[in-house]
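Let's start with one chain on its own, the form predicted alone, as C-alpha cells.
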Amino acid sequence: MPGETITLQAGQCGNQVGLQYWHQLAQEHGIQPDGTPLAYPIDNSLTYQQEGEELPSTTTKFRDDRPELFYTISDTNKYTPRSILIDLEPSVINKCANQLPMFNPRNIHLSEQGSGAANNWKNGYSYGVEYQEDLLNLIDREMDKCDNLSNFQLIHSVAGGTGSGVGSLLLELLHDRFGNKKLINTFSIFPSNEKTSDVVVQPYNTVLTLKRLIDFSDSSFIFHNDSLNSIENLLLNNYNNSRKTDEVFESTNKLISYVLASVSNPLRFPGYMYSSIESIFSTLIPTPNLKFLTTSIAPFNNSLNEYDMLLELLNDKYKMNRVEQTKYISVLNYIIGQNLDQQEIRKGIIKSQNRIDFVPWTSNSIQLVHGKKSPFIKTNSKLSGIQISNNTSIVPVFNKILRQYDLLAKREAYLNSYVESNDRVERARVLDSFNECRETIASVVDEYKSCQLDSYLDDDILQEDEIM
C-alpha cells in the first residue's frame, strides 16, 4: 500500500514551482482553491442502463483516485496539501496563500525580518540552523497526520540563498532523523549556464548545495533553466521576446509542475504496477551514487498515438536537462490515457530500444507506466507522456559547474560573503570546506563516467573482495 508524501517548498523558486504543482494536483483531483472537492465524475460506458433510466454523471461517495496521499482530509471534507512552505521573504508565499487558500497557514514559515537570504547559501543555511527546532516542529506536526508516511520531496533551487541554504539544512535534518527509513527526494532547479548570472556567487551556492544532494538525498530530479526555456518555446510556441520575466517563469514553472505531478500519477490513480514511490525509484536507481534523474515531456499533440509518443520522448529537445552524447542506465516511460493500444506500445518500445545507447552492464529494457487520465481534465489530447531516465548527461552539467567554481575559488573571489572574518586562517578553513564539496561532486562525475565501462560492476565486486 503506498504511503503519504510530505512536500517541502523552500525559497522563492521552490514556492513558485510548488504553487503551480498544487494547482496541477488540485485540477487533476477536482479540488477547488479553498479545498472543497467537486463531485467525482462517473464513467458510465460500462454501466448497464435500463430503457428510460437516466444514469448519474457524478458522485460524492466513491472515488477511484487517491488524493489523500498528498492531501489531508478534514471532517468537513476539506482538502489541505501535505506541504510546508518556507521562505525568508513573504511575497511569493503570500501569493501562494492568496491563490490557494487550501494551504494550511500553520505550515508556513517566514522570517520575521522578511529580508531574504541575499542569494547567499551561508545566510540561508545559518538561518535554518537558528530556526531548526521550528522547522522540525512543522515537519513533526505534518507527520502526525500521516498513517504511513513513505516520502519527503523537496522543491528548491540550487543557486540562490533560501532554496539552497535552508534546503541543504532540511536534507541534513531529515537524513539525521530518518536515515534510510523514509525516502528523501528532491526536485532541483539548476541555473542557466548560457548567460551571465546576476548572482555572482552562484557557483559557490550550487557546489555547496550539490554536496548535500549527494550525501543526504535518495534521488534528485534535475531541471535546467536553459532546457526549460527551449522546451517552453517548442511546446507552447512562446517566441515572443517582449514577454515579462514573471510570465516566462510562470510558464517554465508549469512545465516543471506538470512533470512533478505526472511522476506520482500511478500512485494517485492506482493501477496494477508502480503503485508505490519505492517501486518507481528502485527501477531507476541501481546504486546510491547514480541517483540524478533527467525528465522529458511529450508534445501536447492530439495526432500522436502511443508509438509516436514513445519516440518523441527520446527526442533530446524535449529533455529538461541538456543531453550530449548520452548513455542510459535506466528508462521509465509514462503513457497517460484511457484504453491504450498495446500493439502500438510494443512497437514503440522495440523501436526505442534500438535507438537508446545503454551502458554495457545493464539490460536494454524500457519500463512503462500505464497512467490514468484524470476524469476532471477535459483536453483535446487523448494521450500525454513523460520520461524519467538515469543517464550520463549529468556529467557535462556538473563539469561546467565545477569549472565556474574553480574560476572563483582559485582567486578566492567573493569569499568575504562566506567567512566570519577576514583572518587568513578563517579564509583557508572556508575554502577547504568548499573544496571538500567540490571533491564530492567530482567523485559523482567519475562514477557516472566509470559506469559506462564494461568493468563497472566487476570493479565493485573486486573492491568488496579486497575489503574482506
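In this text the structure is predicted, and so the values were computed from the model without any measurement. For every residue, the number given is its place in the sequence shown, counted from 1.
There is also a form predicted together with a small molecule; it is not shown, and the following applies to it.
Among the residues 295, 391, 333, 119, the one placing a heavy atom within 4.5 Å of the small molecule in the predicted complex is 119.
A heavy atom within 4.5 Å of the small molecule in the predicted complex is found for one listed residue only; from 265, 387, 384, 252, this is 252. Only one of 142-150, 119-127, 334-342, 286-294 lies within 4.5 Å of the small molecule in the predicted complex by heavy atoms, and it is 119-127. No residue of the trio 69, 185 and 219 has any heavy atom within 4.5 Å of the small molecule in the predicted complex. Heavy atoms of residue 81 never reach within 4.5 Å of the small molecule in the predicted complex, leaving it off the interface. In the predicted complex, residue 189 approaches the small molecule with a heavy atom inside 4.5 Å. The closest non-hydrogen atom of residue 87 lies within 4.5 Å of the small molecule in the predicted complex. Mapping the unseen interface onto this chain, residue 157 counts among the residues with a heavy atom inside 4.5 Å of the small molecule in the predicted complex.
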